[in-house]
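Below you'll find only one chain, the form predicted on its own, shown as structure tokens.
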Amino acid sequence: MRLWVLTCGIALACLAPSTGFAQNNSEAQLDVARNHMERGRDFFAQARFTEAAQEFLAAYEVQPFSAFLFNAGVAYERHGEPARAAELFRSYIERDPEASDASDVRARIERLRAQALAAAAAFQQANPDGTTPPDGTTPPDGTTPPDGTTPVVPTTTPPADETPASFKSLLYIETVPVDAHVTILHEGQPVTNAPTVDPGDYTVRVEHPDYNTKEVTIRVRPNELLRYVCDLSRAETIGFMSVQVNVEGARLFIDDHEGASNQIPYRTPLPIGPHHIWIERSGYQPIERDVTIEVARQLELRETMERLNNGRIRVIGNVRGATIYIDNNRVGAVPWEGDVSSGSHNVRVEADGMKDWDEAVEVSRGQLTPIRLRMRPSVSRGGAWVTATFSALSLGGAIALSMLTDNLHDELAAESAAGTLASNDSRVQRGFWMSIGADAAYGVAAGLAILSIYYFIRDPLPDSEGTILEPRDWALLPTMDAHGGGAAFRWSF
């Protein structure tokens, strides 16, 4: 498709902006109309002419500027619907009878109507019986039916000696105060045929008896809806910047990284010229940009923020000061929060007199994983050690008695072999009782040993418990309103 020269139009309006130029209904409608206009331009560039015309007409429904009717007429003409295009150009002239190109547009309407009539005649000649073609179209007659539809006919192209079809643009002007006088100059001459002008540089002069005159140069480019807000009470000329990101909770810093921040999405007036901005969100990589604000143009930034490569772990619990180990490295004490590389990590928490907590934790990129601990006391092993001690003493006594009994037995056996042992020797009775005592001591030692083992193994208290919560975005960020002041802190757990 060949390139088309785009002429421009200017629509003037003096409205009273709210304090700080907060977006009002008119601004919102302009944004909607601008979006339709830009989509129509994109569809036209893709040769999707019907969709382009529909977007221009949608813009007209939001803001009834005659330029949108003209643009829709251009799209339908390129699509090969001369009757519908002629009707839209006629509506354009009715809305703007003093347009500088009015005579050219009227001639264009006559040419399009002639094309529609010629197409209808050719169709009737080719189909004398009046049958409907297989594609379902109806014979064109050059007129517009009551429902506004017209038959599709082959695409027509303006004659070579005629100026190519062109879109129009709009410049919306607001002043503070609202009764200021606006003058538009082109090459030093006042523009008297607004809203339609050619592309180029225009001087906009805003005057009021109570304020200094302000004068700016605006370059009108093809196919634009421009909005210029002139506030005579401000020393500098301002433009607008709109910032959007793909995540909620991001903050915007403008020119001063240590100053106040603003919540995104954000739209703000800024002095014309270069600025530096920072976009930050906890858990995401920060974005820095150099931007330039132009007169009457809104800079629209749509940024995509990506998560950090690392995540965070936060540990709280019922034992303050408990030692925290991550992958066997001591990192701090409860309560604790710190950065950790994403992935799986072993987290262990220890405290004197408490049972250890040890578990694997999965850390997500740019997100906080909270852990809540309830540590339980460890069981005292004092009774087990006392029992074990008495068992050892009993065993020692049993061994001693056994040794004494064995020595006495050997002594009596030797005397008996020599024939010198008396039958009523008291040592025989003593040895008997010593043997029983040794056996009893062994039994007591064995019983106490079993009891001490039980006390060592026995654990009537539950283990320490830990709850690993779902990963979430973390935020501990001061928020300040650049205009209203104040601060608020948010801590999400």
Partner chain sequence: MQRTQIGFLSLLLVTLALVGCDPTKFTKIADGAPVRVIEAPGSARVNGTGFGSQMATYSSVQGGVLVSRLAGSGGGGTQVSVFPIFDGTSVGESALFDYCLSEADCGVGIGASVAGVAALADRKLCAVSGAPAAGQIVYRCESGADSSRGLRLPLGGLPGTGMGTAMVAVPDGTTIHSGSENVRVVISAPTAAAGQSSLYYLRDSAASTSLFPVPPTFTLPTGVAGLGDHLAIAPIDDARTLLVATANAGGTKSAVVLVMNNSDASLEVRACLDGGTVARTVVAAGDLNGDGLPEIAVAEDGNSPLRTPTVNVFDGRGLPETAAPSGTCPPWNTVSTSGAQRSTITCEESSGISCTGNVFGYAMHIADVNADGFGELMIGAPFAAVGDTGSAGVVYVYPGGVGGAGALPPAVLKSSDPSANGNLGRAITTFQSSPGRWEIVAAETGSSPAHLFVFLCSGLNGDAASSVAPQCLLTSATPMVDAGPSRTDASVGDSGS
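Since the structure is predicted, the reported quantities are computational estimates derived from the model, not experimental observations. We call the rigid core the largest set of C-alpha positions that still match within 1.5 Å between the two forms. Residue numbers count along the first chain shown, from 1.
If you look for the form predicted in complex with the partner chain, you will not find it shown, but the lines that follow are about it.
With the partner removed from view, the residue among Ile453, Val32, Ile468, Leu57 that has a non-hydrogen atom within 4.5 Å of the partner chain in the model of the complex turns out to be Ile453. The listed set Ala422, Val178, Ala114, Ala126 contains one residue whose heavy atoms approach the partner chain in the model of the complex to within 4.5 Å, identified as Ala422. Stretch 400-408 is the answer when you ask which of 75-83, 400-408, 204-212, 114-122 has residues with heavy atoms within 4.5 Å of the partner chain in the model of the complex.
In the model of the complex, none of the heavy atoms of Ala360 sits within 4.5 Å of a heavy atom of the partner chain. Interface residue remark: Ala446 is counted as part of the site for the partner chain in the model of the complex, having a heavy atom within 4.5 Å.
At a distance threshold of 4.5 angstroms between non-hydrogen atoms, Ile436 is in contact with the partner chain in the model of the complex. Shown alone here, Ser426 lies within 4.5 Å of the partner chain in the model of the complex, counting heavy atoms only. Scanning 392-418 for heavy atoms within 4.5 Å of the partner chain in the model of the complex gives Leu395, Ser402, Thr405, Asp406, Leu408, His409, Leu412, Ala413, Glu415, Ser416, Ala417, Ala418 in sequence order. Shown in the overlay between this form and the one not shown, fitted on the rigid core, is a CA shift at Phe43 smaller than 2 Å. After superposing the rigid core, the Cα of Pro64 is displaced by less than 2 Å between this form and the one not shown. Here Ala441 counts as shifted, since its C-alpha moves by at least 2 Å between this form and the one not shown after the core is aligned.
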